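Coming up is one lone chain in C-alpha cells, specifically the form predicted alone.
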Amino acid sequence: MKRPRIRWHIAVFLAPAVLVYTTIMILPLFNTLHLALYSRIDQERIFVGLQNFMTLFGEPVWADQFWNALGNNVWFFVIHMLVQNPIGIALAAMLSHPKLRFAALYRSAIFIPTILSFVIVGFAWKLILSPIWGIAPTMFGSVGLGFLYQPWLGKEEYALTSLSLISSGQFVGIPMMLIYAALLTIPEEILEAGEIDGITGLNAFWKIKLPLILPSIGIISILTFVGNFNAFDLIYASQGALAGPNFSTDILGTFFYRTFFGFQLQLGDPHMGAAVASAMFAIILVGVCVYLFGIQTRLRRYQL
C-alpha cells in the first residue's frame, strides 16, 4: 500500500492568505468579543461577563437607542431589497438583450456611481436637496411641481427613506453587473429550445432565465444584507453622528460610532461599543446562516 502523498504546496499557497485574514479579521473579532465582557470601573478593567449586553438590551437609555437603530437598519435593508435589487435585475435583463445598441456604454454609466466615495455622494445630495441653497426646489418649480418638494432630509418621516433611495441609486450597478454576468452564462441551447416551444421575449425571462439565475439573486440578497447592516458612511456624511433629525436615520453603524468613540457630550465607552459591535456581528451571522442553511439549500434542490 502506498502512503497518501502529502500536498505541501497547498499549505504553502494558502498560508499567506490565512495569515493575513487571521491578522486583520479573526483576531480583531475575538478581541472585540473579549472586550465586550469587561468594563472599566474606577480606572480598573474588571470582568463583568454579560453585564454589558444586559445593559444594552435592558436599560431604557441604551435599549431605546439600540432598538431604534436596529429598526431603522431593517427599513434601510428592506428599501434596498425592494428597490435596488429589482431595478438591478431589470437593467441586467435589458442590457443582456443581443440587439441592444451601446449596451457597454449604458453598463459603464450605471456602474460608475458605485465607485464614488460615500462622503462625496452624501454631501452632494445634502446640497442638492437643501431647501436653502439646493437645486431641487428650483428644478421642481421649473416644471410646475414645486408643491411636491419637501425638505426630505430634514423631516423625520422622510429622511431615512430618502437616504435609502439615494444609496440604492448609487449601488444599483452592483446587482446589475452580477445578474448580467449570470445571464451571459445561460447556454444558448436552452434559450433556443424555449423558442422552439414558443417561449420568447418576456416569457423567456420569467420561465427560463429567472429560475436559472436564482442562485445569483440569492448571493446578491445576502451581500445586500451584510452591506446594509454594516452601513455607516452615507448616514454619517449626510446627517452626522447624531443621525438626525431626532435620530430618525440612526442605524447600528452610527449608534456603534457614538458608543465606542463618543460624540459631543457623550463620552466613548469601548466596552459598551464592543457589546454593540458583537450584537451587530450576531445579527449578521444569523442572517448569513439563515441564507446558507435555509434559502441556499432550497435553491439547490430547486435546481436539481
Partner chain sequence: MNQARTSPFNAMAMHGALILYTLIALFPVFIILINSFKSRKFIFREPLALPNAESFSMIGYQTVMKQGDFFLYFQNSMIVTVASLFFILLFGAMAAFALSEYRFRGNMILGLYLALGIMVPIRIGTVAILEMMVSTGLVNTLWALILVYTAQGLPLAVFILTEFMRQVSDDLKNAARVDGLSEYTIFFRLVLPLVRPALATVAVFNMIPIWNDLWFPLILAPAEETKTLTLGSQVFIGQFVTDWNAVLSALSMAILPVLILYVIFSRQLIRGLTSGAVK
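C-alpha atoms forming the largest set that superposes within 1.5 Å between two forms make up the rigid core. Not measured: the values here are computed from a predicted model. Numbering follows the first chain given and starts at 1.
The same protein also has a form predicted together with its partner chain, omitted here; what follows describes it.
A.B. asks: To verify the annotation, which of these, 119, 210, 81, 74, has a non-hydrogen atom within 4.5 Å of its partner chain in the predicted bound form?
C.D. replies: By the 4.5 Å criterion, the partner-contacting residue is 119.
A.B. asks: Does residue 109 make contact with its partner chain in the predicted bound form, using a 4.5 Å heavy atom cut-off?
C.D. replies: Residue 109: contacts its partner chain in the predicted bound form.
A.B. asks: Considering only heavy atoms, tell me if residue 264 and its partner chain come within 4.5 Å of each other in the predicted bound form.
C.D. replies: Heavy-atom contact with its partner chain at 4.5 Å: absent for residue 264.
A.B. asks: With the partner left out of view, is residue 28 within 4.5 angstroms of its partner chain in the predicted bound form by any non-hydrogen atom?
C.D. replies: So residue 28 counts as contacting its partner chain.
A.B. asks: Spell out, yes or no, whether the shortest heavy atom distance between residue 270 and its partner chain in the predicted bound form is within 4.5 Å.
C.D. replies: Answer yes; at least one heavy atom of residue 270 falls within 4.5 Å of its partner chain in the predicted bound form.
A.B. asks: So, a 4.5 angstroms cut-off on heavy atom distances: do all three of 41, 63 and 159 pass it with respect to its partner chain in the predicted bound form?
C.D. replies: No: no residue has a heavy atom within 4.5 Å of the partner.
A.B. asks: Along 216-236, which positions have a non-hydrogen atom within 4.5 Å of its partner chain in the predicted bound form?
C.D. replies: Going through 216-236 in order - heavy atoms within 4.5 Å of its partner chain in the predicted bound form - the hits are 219, 222, 226, 230, 231, 232, 233, 236.
A.B. asks: Tell me whether residue 282 is among the residues that move between the shown form and the other one (Cα shift of 2 angstroms or more, core superposed).
C.D. replies: Moves: no, less than 2 Å.
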